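Okay, so here's just one chain, in structure tokens, the form predicted alone.
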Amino acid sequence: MIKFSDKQLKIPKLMRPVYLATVGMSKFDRAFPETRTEELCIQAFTAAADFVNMTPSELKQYIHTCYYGHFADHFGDQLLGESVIHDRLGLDPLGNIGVKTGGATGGSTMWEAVKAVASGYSDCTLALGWERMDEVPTDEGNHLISAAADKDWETPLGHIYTGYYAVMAQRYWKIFGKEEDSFRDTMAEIAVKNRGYARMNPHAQAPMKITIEDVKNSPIVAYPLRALDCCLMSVGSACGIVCDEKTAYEITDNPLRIYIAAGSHTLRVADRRNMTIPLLPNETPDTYKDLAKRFPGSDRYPGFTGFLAARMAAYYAYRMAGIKDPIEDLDVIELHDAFTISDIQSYEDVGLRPYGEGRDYIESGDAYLTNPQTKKPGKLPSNLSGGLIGCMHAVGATGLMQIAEIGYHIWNRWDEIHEPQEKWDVFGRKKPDDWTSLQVKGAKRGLAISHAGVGSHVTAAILMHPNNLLKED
């Protein structure tokens, strides 16, 4: 059994407060044959400048260090892509570095940027990510992405991530879903919800008005996962700029506090060693004393059904930010819904529900902006952007897109970003006749989870309005 030392469980401390000053993103799509990667990154940076009423040249004057997230060199046939983007943004000779942690690349890029400011090395850093996934066929793209699994032990079993998650879905369904048909409907409901929310987002790649039956009847990829259970392959860019307090207030009169932490776990899913469940602030030892009795087969943690990396990222981040109960203390979240099953797993890893009870977060209506059962506001709406299933998964940009979307809610500027007809027109997309605001009213705090592979790397980023902090520095 793995045990942790007190030093390993020490809660990270930022040496000074860090603020998110602005964010931006490009349009996301399956392919941009007419647009270079550099142009998409410039679009994201320009959007960040526009958001704080600056020109890109004015905003660049504040930046001291740059972190660039880009997962797969294979796709664009370009090594050191960060140097190319840095050059095109006109940021030489500032120091820059590339970050790669699979699907968590965007979140990890922000993690590094925050630490640079927190340490005092820089007063203002740029975190920018992108992915170019349209220069190879989809089957080859899936093959390349799957190389982020352990090539010796996991890759020979499928060479496609859907296959890896299908095994976890089967196991979770058997143990916690108790092989009930209703659990399959709950998985499908996530796809319906997230693709439906994507309809209100002009940046989103795959908005769809679908039903549970549509999901269950879509083509099988790896049982029980079907095409509509799976995330997108996308092209696009997103960014965020973080600063110390003084610099943040020079850029904007309304920056947000940001806390971020990370966790990891082995790529070798079959070799995950048993351990005691690390408890979050809203859990006690009694929470799981009868878990194996209630759910036979759940006696090993994390097994095939949980993500230790996500649990550890939340373990650190919640205590850094003063979160006691995420359902009560947070107002909006963006989770890494690479597959409908991983979304359910994440509900438990980050403490929205105890292990084994994740499905209730969806079934209760808590995950919706408006609870479909009570018609009242959902307790903690998730993935209002459309998530990875409905909006995008341009890997290096994904975690940064999620942070941006959380920020728009807390800034109370979600409508400003998603409603204007001009943006829909520029992006060449039809605004739905039933377009509806998804702004979470009065949002003060939010969480974004950026997740890699089968849980090898995870970051948890918490944004808060400075007037609504939960603990003193």
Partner chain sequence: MPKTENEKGFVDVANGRYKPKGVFHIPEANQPIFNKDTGKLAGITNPRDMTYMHSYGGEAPFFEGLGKGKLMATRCDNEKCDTKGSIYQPFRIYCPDCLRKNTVIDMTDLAKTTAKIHSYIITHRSGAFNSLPKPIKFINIEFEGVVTILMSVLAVGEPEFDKKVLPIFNTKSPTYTITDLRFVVEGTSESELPEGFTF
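Residue numbers count along the first chain shown, from 1. Throughout, rigid core stands for the largest set of C-alpha atoms superposing within 1.5 Å between the two forms. Just so it is clear, the model here is predicted, and its values are computed rather than measured.
There is another form of this protein, the form predicted together with the partner chain, and it is not shown here; the text below is about that form.
Peer 1: Closest heavy atom of His143 to the partner chain in the predicted complex, within 4.5 Å or not?
Peer 2: Heavy-atom contact with the partner chain at 4.5 Å: present for His143.
Peer 1: Does Tyr164 reach the partner chain in the predicted complex if we count a contact as any heavy atom within 4.5 Å?
Peer 2: Judged by the heavy-atom cut-off of 4.5 Å, Tyr164 is in contact with the partner chain in the predicted complex.
Peer 1: At the 4.5 Å heavy atom threshold, is Ile175 in contact with the partner chain in the predicted complex?
Peer 2: Result yes; Ile175 sits at the interface with the partner chain in the predicted complex.
Peer 1: Phe304: heavy atom within 4.5 Å of the partner chain in the predicted complex?
Peer 2: Yes, contact at 4.5 Å.
Peer 1: Of these, Arg294, Lys151, Lys209, Lys324, which has a heavy atom no more than 4.5 Å from the partner chain in the predicted complex?
Peer 2: None of the others qualify; the residue that does is Lys151.
Peer 1: Looking at Asp271, Asp181, Asp290, Asp253, which has any heavy atom no more than 4.5 Å from the partner chain in the predicted complex?
Peer 2: When the partner chain is considered in the predicted complex, the option within 4.5 Å is Asp271.
Peer 1: Within 4.5 Å of the partner chain in the predicted complex, counting heavy atoms only, one of 164 to 172, 346 to 354, 325 to 333, 388 to 396 shows up; tell me which.
Peer 2: This holds for exactly one stretch, 164 to 172.
Peer 1: Once you line up the core, how about Arg273: does its CA shift reach 2 Å between the shown form and the other one?
Peer 2: Superposed on the core, Arg273 moves its C-alpha less than 2 Å between the shown form and the other one.
Peer 1: At a 2 Å cut-off on C-alpha positions, does Lys151 qualify as shifted between the shown form and the other one after fitting the rigid core?
Peer 2: Passes the 2 Å threshold, so yes.
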